[in-house]
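Single chain ahead, written as structure tokens, the form predicted on its own.
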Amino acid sequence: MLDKFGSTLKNVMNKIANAVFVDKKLIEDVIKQLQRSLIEADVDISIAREISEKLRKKASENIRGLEKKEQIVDLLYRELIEILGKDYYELEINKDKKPFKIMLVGLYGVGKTTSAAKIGFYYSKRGYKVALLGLDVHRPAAPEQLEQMGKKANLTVFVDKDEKNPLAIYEKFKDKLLKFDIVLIDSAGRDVLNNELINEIKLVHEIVKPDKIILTIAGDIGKAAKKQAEGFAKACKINGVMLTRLDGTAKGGGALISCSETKSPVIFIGTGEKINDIESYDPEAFVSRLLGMGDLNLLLEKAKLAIEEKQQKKMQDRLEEGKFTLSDMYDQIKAMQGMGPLNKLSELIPGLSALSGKKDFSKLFNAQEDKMKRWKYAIDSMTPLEKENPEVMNSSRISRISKGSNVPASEIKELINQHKIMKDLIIQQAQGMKGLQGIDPEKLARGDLQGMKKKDLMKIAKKFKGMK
């Protein structure tokens, strides 16, 4: 998302970092690139000018003990965080209230139904029992779409395709919803925010009494997000925003800033079509990723969404026992593919993220991804004994597997060798995680690293750095 914006920011940071002297010419060149990038991302020109003036002022200062380059880089980093939201917000789920009701509101075509399923999937991966309730009685395909998305997310869905009164649908399923921890409610939309939609939202709100309301806005509308956020805020109390379609849009910066200006915090962002293409929005981590500094929080979050909870526990137990077979490696490959393309995951890893935009680096990851697919074919052609005990494979066995999978023998040998290396590394990591003292295991499981000790974060970062 915002690839061009992020690329320009990386270039700006590199230009400052690699400069011998920070002079007026350098600063003006940097400001020119930055302004162009901000405006292309649909950021208001007044905000771009404000940041530019702060950079000029900082460049003229001289603080003892700090290099001017470090001052300017830090200022740029902090200013971007400030305009893109400043604080990290998350919905406070009351576990004692069943069901905890979250209603989604928004116009037609913004991805509200898909977002309801994604958010439901997000919370189901955190141990909550989640259901979806369809109260959009105006759009003909809404119930069917909610059912389809609910199936992808493995969630229970309650819809009534014949009833045209949303309140009657709620009353029909009210008692069944009591069995769930969280219910995501897909409300009706309109082409525009008009009195008819406002009155319906108010009526549903009065009867259903949702605990939280999330406004769904399409990221590709840019600065126009401000008007939508303000309009819906007048109709009902908005607790946060789900920003959709940020993947591939140049206007995402404007949408993020507009929501921040209206005091409607962005809580989730949608980054693709798949059910797990959802992220909790953390402005500081988001800017860190844009600047090529990685985002370990999101990497852990993606792993949480991609890997089933039972599978995680089973794998952790096996690793702690010192077991890691080719079958386990096969499962890891599948899980990694579920997290997204390798070259995109590399953007989240400190050290690799700064290189991820380079052409040769992308080719390297694409080649490795193709090789992983061939490894999968080779593993499928092995016997259970060979998968469990790779050391038994001699040249004749490797030749047989090569013919059966159409994978070169040299790559199968490489797979076996890679397994030996990966086994030692992953088992060491799994057993080492047990030794991280003072870390809340629930926080670690859901990818929440806030509040951890710096030395513990360094341990985790070091472990991920080794996983290439």
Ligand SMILES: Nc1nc2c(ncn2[C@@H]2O[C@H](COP(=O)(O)OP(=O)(O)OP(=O)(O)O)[C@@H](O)[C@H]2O)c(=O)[nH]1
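Numbering starts at 1 and follows the sequence shown. Note that the coordinates shown come from a computational prediction; the quantities given were computed from them, not determined experimentally.
The discussion below concerns the form predicted in complex with the ligand, not included here.
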Which one, G189, P166, P390, P210, lies within 4.5 Å of the ligand in the predicted complex by heavy atoms? G189
Just one of Y108, Y77, Y377, Y88 has a heavy atom within 4.5 angstroms of the ligand in the predicted complex, so which one? Y108
Options 176-184, 156-164, 268-276, 228-236; stretch whose heavy atom lies within 4.5 Å of the ligand in the predicted complex: 268-276
Can any non-hydrogen atom of T244 be found within 4.5 angstroms of the ligand in the predicted complex? yes
For T114, is any heavy atom within 4.5 Å of the ligand in the predicted complex, or not? yes
Does any heavy atom of T325 come within 4.5 Å of a heavy atom of the ligand in the predicted complex? no
In the predicted complex, E386 touching the ligand (heavy atom, 4.5 Å): no
Contacts from 124-145 to the ligand in the predicted complex (any heavy atom within 4.5 Å), listed N to C, are D136, R139, Q145
